[in-house]
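Just the one chain here, the form predicted alone, laid out as structure tokens.
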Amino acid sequence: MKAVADHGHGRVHGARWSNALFIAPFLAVYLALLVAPLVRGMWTSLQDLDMLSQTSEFVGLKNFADLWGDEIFMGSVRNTFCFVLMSTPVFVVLGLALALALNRPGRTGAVLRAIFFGSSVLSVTIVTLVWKLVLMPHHGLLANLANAAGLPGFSPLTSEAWALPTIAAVTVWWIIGLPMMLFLAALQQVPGEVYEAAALDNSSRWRTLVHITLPAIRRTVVLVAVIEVILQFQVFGQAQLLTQGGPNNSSRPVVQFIYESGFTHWTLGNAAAASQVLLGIMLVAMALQMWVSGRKEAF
């Protein structure tokens, strides 16, 4: 009996090892494309790397200390935080509002959903080109409308106060379709019987939204918030193409600083250190967001 049991136990272990083979390709790709570059980036951030002579010297935390005293980098960190705080709540609130308004059968709803989602498939180059034409200082659509109304010309991309909010508005216009579609998918999973019961109780739309809809889709709300925080911390293309970080570094995000350090000034150690700082900020933001969401669900 013991031999049979051992034999069966061995077969169980054999089956488990064979099951591991199914995830082996994924693990290999994950280690090669994510873990290995991450470790290499951490090691690079501790070195003074000269791309021209292909030499490097271990400098410890000197690159991080240099970043701490770099006003342009600290300004880019502030710009990135401001950008995330400006754009993420709008993505959540406006995406939910659009989903609630368009969560209905019929051709009109389908056409409007396609229109709002259509801009999400455009490349950042096309989006910024369109908005540059709109916001052109003297001959753009905004300038022409201001002239027609007898108002003074306004060029938000050349204003230190308005450049970053304008990039945030362009970003919301560009990819509001993704959170809208996620909320639509969540709303269509809420049983219709619940809304029928609320209608029989003469519940108002606001009470139905607060006590039925939002609790039913709270996991999607958290998911959208987490996705948008991750995406908006990595803002780059819009800032690079619309303002190039200006005027006076007022719209330069961290990723643009990393790009310029690595591929314009060829200071790869400095760029790698800035990348590690951005990774740390994103991890802290994610942990804080998940902790707040967990406390809300507990209550």
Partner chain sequence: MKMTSHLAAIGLLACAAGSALAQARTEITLARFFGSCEADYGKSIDVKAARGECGIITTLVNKFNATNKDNIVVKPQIVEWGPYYDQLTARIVARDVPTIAVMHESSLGDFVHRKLIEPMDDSFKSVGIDTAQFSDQARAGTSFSGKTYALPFDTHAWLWHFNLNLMKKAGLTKPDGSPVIPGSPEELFAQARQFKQATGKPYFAWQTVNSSASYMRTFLTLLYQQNGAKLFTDGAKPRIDMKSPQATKALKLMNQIYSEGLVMTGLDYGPSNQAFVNGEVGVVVVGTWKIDDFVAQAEKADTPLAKGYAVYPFPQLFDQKAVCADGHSWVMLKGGAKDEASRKAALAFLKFIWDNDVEWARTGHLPISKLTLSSPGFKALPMRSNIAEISASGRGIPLSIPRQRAIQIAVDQEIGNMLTSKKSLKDMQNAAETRVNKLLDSVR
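Residue numbers count along the first chain shown, from 1. Bear in mind that the values here come from a model prediction, so they are computed numbers and not experimental data.
Same protein, other form: the form predicted in complex with its partner chain, not shown, and the subject of what follows.
Interface residue among K132, R207, R218, R104, judged by heavy atoms within 4.5 Å of its partner chain in the predicted bound form: K132.
Exactly one listed residue, out of I72, V226, A110, V93, brings a non-hydrogen atom to within 4.5 Å of its partner chain in the predicted bound form: I72. Under a 4.5 angstroms non-hydrogen atom cutoff, its partner chain in the predicted bound form has L241 among its neighbouring residues. In the predicted bound form, Y259 approaches its partner chain with a heavy atom inside 4.5 Å. Within 4.5 Å of some heavy atom of its partner chain in the predicted bound form lies at least one heavy atom of N270. Among heavy atoms of Q234, none comes within 4.5 Å of its partner chain in the predicted bound form. Picking from 198-206, 81-89, 173-181, 137-145 the stretch near its partner chain in the predicted bound form, with a 4.5 Å limit on heavy atoms, gives 137-145. Residues D50, M51, L52, S53, Q54, T55, S56, E57, D70, I72 of 50-81 are found to place at least one heavy atom within 4.5 Å of its partner chain in the predicted bound form.
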